[in-house]
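One chain comes next, on its own, written out as structure tokens in the form predicted on its own.
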């Protein structure tokens, strides 16, 4: 059978001519600095494929209408065969994809792989990260629950503050003055049809650039030496095997999270009932927190600098060194940016809530600043506690 198939293709294609480039790419040696962190790009691709496949399965029952969206997701999670697992894998896959793509960019930044001649590879990578964020934003509304509805309302309101085009952008996103059926329909089309194809072609360009230009070494710009056969690490089978190990670990993490910590569907969207302390998903919390400290227009400008800064970074960093220890300014800026994301994200997560720390209750305001409400050490015991402890109650 195998011989007959090979003969069938041989009669129609020049297999020897095709075999040469394929063998060259498979056995192309990789630089010696290849590490486990270099598998993050392939893991991003795996998660994208996972999102496409689970998304197709969810589309079998999902209905993108105001009256049926929530009920169709509920049906998927409660009645369809293995629907709950596919939905959880899709939801967790979106979160893990953002984390892995971000870590992949962070690895690229630390190793200086964005420098000449790989500036375009970095730019397309930034576009992939931004599109992944848009994927999360558009997909968040589709279950049509309370949190998704009001988070989308807040998000589109922020877009409405953009000068000149703001109101038009807000109306375009919503399909009207308020979030409703038109909004759901538009987000569905963008999430299911437009974004996957756009992401597919950008991923394709990104991969072609990586294979043509190769993976960057730690040598300075202009001093890179081509890795000769026998010197580096063969792509196949060495690096492919390493990617296979990480693939199974990531798959195990994805399924474990889906089973042990599933996402709750919540309540159906109600435009007449506003929940307390509406917040976006965790990956938008740093930007959401920044906007609080400035007038809306200034906050949007500050937030908008981030993506532009990332896109222009290869042009801003003029040094020829790639090693992180030889790039103190770049690494300092990167560490400060990373710390600011973590701090702002944490403040956004705890803001507008009451928390207990070390036996004390704190009321955390909208800016993420805690205010002491009470202390168990200074609090008077209640009548119940006094009787229980056989101590006289304090009048």
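Numbering follows the first chain given and starts at 1. Treat the numbers as computed from the prediction; the structure is a model and nothing was measured.
Here the subject shifts to the form predicted together with a small molecule, a form of this protein not shown in this document.
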- line: Among 126 to 134, 76 to 84, 283 to 291, 145 to 153, the stretch whose residues bring a heavy atom within 4.5 Å of the small molecule in the predicted complex is 126 to 134
query: Is residue 330 close enough to the small molecule in the predicted complex to count, meaning some heavy atom within 4.5 Å?
result: no
query: If you check in the predicted complex, is residue 42 within 4.5 Å of the small molecule, heavy atoms only?
result: yes
message: I'd like to know if residue 110 sits close to the small molecule in the predicted complex, meaning any non-hydrogen atom pair within 4.5 angstroms.
response: no
- prompt: Quick one: is residue 101 in contact with the small molecule in the predicted complex, heavy atoms, 4.5 Å cut-off?
  reply: yes
query: Any chance all of 66, 141 and 174 sit within 4.5 Å of the small molecule in the predicted complex, going by non-hydrogen atoms?
result: no
- prompt: Which listed residue (196, 299, 160, 214) meets the criterion of a heavy atom within 4.5 Å of the small molecule in the predicted complex?
  reply: 214
message: Between 227, 72, 95, 121, only one gets a heavy atom within 4.5 angstroms of the small molecule in the predicted complex; which residue is that?
response: 121
